[in-house]
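As structure tokens, one chain now follows by itself in the form predicted on its own.
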């Protein structure tokens, strides 16, 4: 959604640059503005909201997590709230961040013009990209990522086909399957390689009540068809995720939708020099950061899927933490500790239960790695290890 505000030419300087206008970036910018900071919010798209604008389902949880509100409306609300804070927001859409350099320059491109921006703090909320899955003929027209299907349907009103095979029973696979049904598209089945459904059971129950079978311990072997998808061959897998001979069967579909996970978009963090660590539970390489979402470069913060792939509600809370922490390093505020503690408690609640087990394991790996790094740092003046 577009924000109606005065158009500005890129500021040469800004207190906080937020890279990414999705749920994490919007929440971060909003908190920083509330604390009176000058914020430049940058997004490569023509609209704010990121993945939220594709999410037509209602969120659940508590009022703090916008329970009962559709993702697209949450994006509108966050964007609308940006103008109400005491700070100043410069919004730059259709703008790409090219890199960050040692002299403190954030290089951006807009309308084929490259400009320098000098932020005192940076919050990276660049999100994630979809993973691909290897199988025969996976380049046939009709093989989509789940995000592409959502974009077609929910942004442009175009259905991808008539009969879909969904690969992946995480939250994205389940939600997009239900959205396909709402759009009048038949979903032949949902295939999941794990032994259990990975998404919230409330989403799984909705699609199962609609008659969609969910095949766990299954995978796709092949897309069939000459010039486009006409079917798919699926089979069972063993405990090592290897295909079991004799279990193959073909399903007639014209669309294969892949919802097999996301990979954090961390190129900017890597290029800036933030230390990275491979955490498969969080989607791949993620930046080391502390509980304030501060990376190993003190002036750079991270939030949302760029910090580790989780849910949109978690991304927004992480954005709040990053925004408060970045602003708190520039502005004196007696309420910061209380605000941060409330956000951390909210994250704890969101990650509770079986569905949060994977994230908790990944975050524990990060915590231990940060702890080791803390004690391995050397005092530059003495060369001795320091805590």
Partner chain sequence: MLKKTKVPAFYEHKNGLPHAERMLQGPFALIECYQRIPCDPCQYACPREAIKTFQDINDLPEIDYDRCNGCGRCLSKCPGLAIVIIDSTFSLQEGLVKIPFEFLPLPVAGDVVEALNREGRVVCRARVLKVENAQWQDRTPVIWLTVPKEHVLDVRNLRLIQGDERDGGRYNCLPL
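Numbering follows the first chain given and starts at 1. None of the values given here were measured: they were computed from a predicted structure.
The discussion below concerns the form predicted in complex with the partner chain, not included here.
Between the partner chain and 178, 349 and 354, in the model of the complex, does every residue show a non-hydrogen atom at 4.5 Å or closer? Yes, the whole candidate spot contacts the partner chain.
Ok, 86, 280, 157, 184: which has a heavy atom sitting within 4.5 Å of the partner chain in the model of the complex? That would be 184.
Considering the partner chain in the model of the complex, which of 72, 140, 297, 276 comes within 4.5 Å of it through any heavy atom? Of 72, 140, 297, 276, the residue with a heavy atom within 4.5 Å of the partner chain in the model of the complex is 72.
Pick the stretch from 86-94, 251-259, 288-296, 302-310 whose residues have a heavy atom within 4.5 Å of the partner chain in the model of the complex. Of the options given, it is 251-259.
With a cut-off of 4.5 Å between heavy atoms, is residue 245 one of the residues that contacts the partner chain in the model of the complex? The answer is no: residue 245 has no heavy atom within 4.5 Å of the partner chain.
Look up in the model of the complex whether residue 165 has a non-hydrogen atom within 4.5 angstroms of the partner chain, and give yes or no. Taking the distances in the model of the complex, the answer for residue 165 is no, it never comes within 4.5 Å of the partner chain.
Even though the partner chain is not shown here, does residue 215 get within 4.5 Å of it in the model of the complex, heavy atoms only? Yes - in the model of the complex, heavy atoms of residue 215 and the partner chain come within 4.5 Å of each other.
With the partner left out here, check for me: in the model of the complex, does some heavy atom of residue 203 sit within 4.5 Å of the partner chain? It does: once the partner chain is placed as it appears in the model of the complex, residue 203 has a heavy atom within 4.5 Å of it.
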